[in-house]
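In the block that follows, a single chain appears as structure tokens, in the form predicted on its own.
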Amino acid sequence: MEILVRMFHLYNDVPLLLFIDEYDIQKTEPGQRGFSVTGNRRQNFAEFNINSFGYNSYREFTPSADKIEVALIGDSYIEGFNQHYYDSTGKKIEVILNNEVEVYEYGRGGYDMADQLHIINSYKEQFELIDYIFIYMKFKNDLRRTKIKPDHDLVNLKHTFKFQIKRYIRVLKYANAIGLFDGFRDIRSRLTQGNHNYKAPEVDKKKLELKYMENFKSLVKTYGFDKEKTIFLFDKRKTNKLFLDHCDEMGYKYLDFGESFEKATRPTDLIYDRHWNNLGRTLVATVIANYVKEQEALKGK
């Protein structure tokens, strides 16, 4: 089984080794390469490449004053392990713009607004040279806290000898990915849980939305916000009106890709999760590229 799993590359090779840099930013260890595999029949098979800065990318991040650079900052949607790294959203933007810009993708699964603004603030010198900064966000996910908290325990766990041994037994990775151990986990969970009838208290949605808005204002107060070149990227259909109204009031720029998704005649998401498929990434890239093209044309006037 181990030979067959390795021969047909049925196991998920997503980079597991992490590190926390000098600014407490959690990243992926540079130099890791391989393939992200989903499903027992390789429903998705995509190559990844972790650059020297710790992100899945086809290029290194080398901003300078004599180039036009675009930064994409976000969670797993920007990280893009379900798409070949050489055909990522960033690469698509470059192709649409005739390779006249460089796109840097600062994507990491789990990043939220606190992480994103912290990254921009920590690497000020780098981001001062970048012309356009797009922050991908989801209102209901990304505004739950006002400060970062790096997970040192998780990072250390992935470097233990036991974890490394499990990592290199590919048949175990494959079995886990297809849910072979889910039944055992369910039994263990039932045995260890005390009250099976426990129900989480109902959440006051309006109160929660107001809390998210306060968190956002607190983050901006802590890290600052460059209104000129920072643009929020989101699906307007899924973004709270409170946030939209606040952006309009404060003069924060935002870019909506939801309209192009709504007009699409084919699915824009993968069938087994909600990440963008190739069409979805092309549409997002087109929306961003058109914005950059329009802005550059205005500068030239």
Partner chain sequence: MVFNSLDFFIFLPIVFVFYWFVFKKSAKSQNVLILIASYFFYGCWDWRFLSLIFLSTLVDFFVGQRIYSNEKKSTRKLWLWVSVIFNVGLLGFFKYYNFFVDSWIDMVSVLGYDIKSTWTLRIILPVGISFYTFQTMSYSFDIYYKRLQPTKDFLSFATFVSFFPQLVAGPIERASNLLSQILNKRSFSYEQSVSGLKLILWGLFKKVVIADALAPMVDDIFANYSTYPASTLILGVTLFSFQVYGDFSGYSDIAIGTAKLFGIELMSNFKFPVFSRNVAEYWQRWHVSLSTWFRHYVYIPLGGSRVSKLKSVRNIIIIFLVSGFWHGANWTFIFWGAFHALAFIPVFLMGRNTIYKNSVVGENSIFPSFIEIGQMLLTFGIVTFSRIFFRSESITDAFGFISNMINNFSFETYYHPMGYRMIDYYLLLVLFVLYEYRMRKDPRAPFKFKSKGVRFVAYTIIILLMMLFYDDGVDRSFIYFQF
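Numbering follows the first chain given and starts at 1. On a predicted model such as this, the values are computed, not experimentally measured, just so you know.
Here the subject shifts to the form predicted in complex with the partner chain, a form of this protein not shown in this document.
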### Summary
Among 55-63, 229-237, 265-273, 245-253, the stretch whose residues bring a heavy atom within 4.5 Å of the partner chain in the model of the complex is 265-273
### Query
Is the gap between L18 and the partner chain in the model of the complex 4.5 Å or less for some heavy atom pair?
no
### Query
Is D153 close to the partner chain in the model of the complex, meaning a heavy atom pair under 4.5 Å apart or at it?
no
### Query
Can I178 be called a contact residue for the partner chain in the model of the complex at 4.5 Å between heavy atoms?
yes
### Task
Give a yes/no on whether F127 approaches the partner chain to within 4.5 Å in the model of the complex, heavy atoms considered.
no
### Message
Can you pick out, from K206, K221, K162, R190, the residue that has a heavy atom within 4.5 Å of the partner chain in the model of the complex?
### Response
R190
### Partner-contacting position among Y136, Y123, F139, Y174 - heavy atom within 4.5 Å of the partner chain in the model of the complex
Y174
### Task
Look at the candidate spot formed by V70, G258 and K293 and say whether the partner chain comes within 4.5 Å of a heavy atom in all three of them in the model of the complex.
no
